[in-house]
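Below you'll find only one chain, the form predicted alone, shown as structure tokens.
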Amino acid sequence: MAAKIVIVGSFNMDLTAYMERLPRPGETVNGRKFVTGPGGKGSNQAVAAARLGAEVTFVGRVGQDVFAEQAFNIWRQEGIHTDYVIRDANQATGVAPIWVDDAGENSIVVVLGANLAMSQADIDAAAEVIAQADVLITQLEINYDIVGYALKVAKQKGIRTILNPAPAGHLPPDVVALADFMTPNETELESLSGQSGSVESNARSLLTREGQTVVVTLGAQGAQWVSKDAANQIPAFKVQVVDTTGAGDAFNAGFAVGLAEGKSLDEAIAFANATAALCVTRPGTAPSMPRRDEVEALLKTR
């Protein structure tokens, strides 16, 4: 039976320019290619989880514009349930202009639009499907109040929760306490913890109750999990990097699917590392998310 994942989050249309190097302030550089594609952390995670074989429900908001039409097109193609996606009459669909250099590094500006108009009523409408989920994931490209409310509804129904605190932001302790798993990268970890110590000490400072785990993504070094009494680092897979955009979203989807399927913490993180590794070998965000058979094949190489 397929893992059931509910994702409360964002859709943005990515507007991506590729160039030799990123411009300095006030500088103009020539780009070599421009593409548009579906993105947003929530939607990327939904696409990735669906491609990994999960039954995925997306909860979010888009506008009533051409970018929204493109969002529904990709969700339909990937078999993602969209009964709880609202078409907002007053806000435009979110957009994300992205610059990517030849080394695969990126700079991103996000204009969230309709994503910030999500309401508690949107979550309440999806309460029944949340109650039937194995895992709920949310991120920080929507209103922080809704992040907290979605986590609260999931915990009231006994559902495991993943908080992907991206982009980096400061969250109230009562919201952090609702997350069974937090999945920051190193920059997000420093922002959340307000500390500049080791990964392990910074991560442990976020733990507010029993049963919580912080999983810190470390790029080419893999990922490190930290609980109250233990920690372990799971190595990355060595691949040729083309574009790191979307790697965190691929990781979170892989991690959620792994947990939902009953994998151990180490196994779920290895599965997530493999998903992210394949993602960075291709350009773009949602289109670069790998299929289940590709991930299984990469896992067998270790």
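Numbering starts at 1 and follows the sequence shown. Note that the structure is a prediction, hence the values are computed from the model and not measured.
A second form of this protein, the form predicted together with a small molecule, is not displayed here; the remarks below concern that form.
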| item | value |
| --- | --- |
| Residue 275, heavy atom within 4.5 angstroms of the small molecule in the predicted bound form | no |
| Exercise: residue 116 in contact with the small molecule in the predicted bound form, heavy atom 4.5 Å | no |
| 4.5 Å heavy atom contact, residue 98 to the small molecule in the predicted bound form | yes |
| 4.5 Å heavy atom contact, residue 254 and the small molecule in the predicted bound form | no |
| Answer range among 54-62, 23-31, 243-251, 266-274 for contact with the small molecule, defined in the predicted bound form as heavy atoms within 4.5 Å | 243-251 |
| Candidate spot 41, 44 and 108, all three touching the small molecule in the predicted bound form (heavy atom, 4.5 Å) | yes |
